[in-house]
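Below you will find one chain, with nothing else, as structure tokens; this is the form predicted on its own, and questions on how it binds or moves follow later.
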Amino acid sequence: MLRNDIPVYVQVRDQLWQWIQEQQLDSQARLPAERELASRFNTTRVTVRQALGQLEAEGIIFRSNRRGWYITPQRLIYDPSLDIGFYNTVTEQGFTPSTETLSKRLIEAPSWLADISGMAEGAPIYHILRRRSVDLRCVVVEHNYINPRGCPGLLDQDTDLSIWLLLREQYDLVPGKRNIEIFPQALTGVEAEALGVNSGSAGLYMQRLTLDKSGAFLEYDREYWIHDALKVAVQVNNN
């Protein structure tokens, strides 16, 4: 029985969450259609959408455009203090990683990148756009801006693989100092489209400025994550 002192969608949210637990739905299991859920919980589709939206905000479920609602997989634990790369991070936690290069080209450094990197505006720079997945779920779109000085021919390499592994093994380039920033940001434009979410969906933005051992600009990375895909955890050793 519904209570008058609690919004209806909140009560439906609780009933839906209880049903999900009772059904023991696995990671990425698909939920019934909204019409079926409305019938099951004796409410309207509008109220069901509100309840689903609440569960999505809590990271319990996620919506795939034109496909429906799914149970959110376990979050990927990310430690920015470690330099082990996407593939190793994912596989070490029991998941399956995959990467798709959407575009790669030589561009002229725009003014904003020149300010960040210290390179001259208009200087040549590699721009690689990639979409990365965990267990076939697209979780992040990343823009890699790489100084071509020490890695000629990088764009001819297979950039679906680890770029940092390529830089290390093919060009003997090793990161020195890194500056990492992480904060919430809505997913819009190219990033939202590539991830298959509605523009304005919640996301997590990460940017990483990397210098080489000599202090010269090496790479600038912009990452746009699905909001429920990542948990940031840092290990601190006081010894």
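Counting begins at 1, following the sequence as shown. What you see is a predicted model; the values in this text were computed from it and never measured.
The same protein also has a form predicted together with a further copy of the same chain, omitted here; what follows describes it.
Novice: Taking a further copy of the same chain as it sits in the model of the complex, is residue 178 in contact with it (heavy atom to heavy atom, 4.5 Å or less)?
Specialist: Yes, residue 178 sits close enough to a further copy of the same chain in the model of the complex that at least one of its heavy atoms falls within 4.5 Å.
Novice: Determine whether any heavy atom of residue 233 comes within 4.5 Å of a heavy atom of a further copy of the same chain in the model of the complex, and answer yes or no.
Specialist: Residue-level check for residue 233: yes, a contact with a further copy of the same chain.
Novice: Quick check on residue 182: any heavy atom within 4.5 Å of a further copy of the same chain in the model of the complex?
Specialist: Result yes; residue 182 sits at the interface with a further copy of the same chain in the model of the complex.
Novice: Can you tell me if residue 47 lies within 4.5 angstroms of a further copy of the same chain in the model of the complex, counting non-hydrogen atoms only?
Specialist: Residue 47: no, not in contact with a further copy of the same chain in the model of the complex.
Novice: Please identify the residue among 190, 33, 29, 57 with any heavy atom within 4.5 Å of a further copy of the same chain in the model of the complex.
Specialist: By the 4.5 Å heavy-atom cutoff, the listed residue in contact is 57.
Novice: Sort through 106, 120, 165, 82 and report the residue having a heavy atom within 4.5 Å of a further copy of the same chain in the model of the complex.
Specialist: Exactly one residue meets the criterion: 82.
Novice: Is any part of 204-222 within 4.5 angstroms of a further copy of the same chain in the model of the complex by a non-hydrogen atom, and which residues would that be?
Specialist: Stretch hits, in order: 204, 213.
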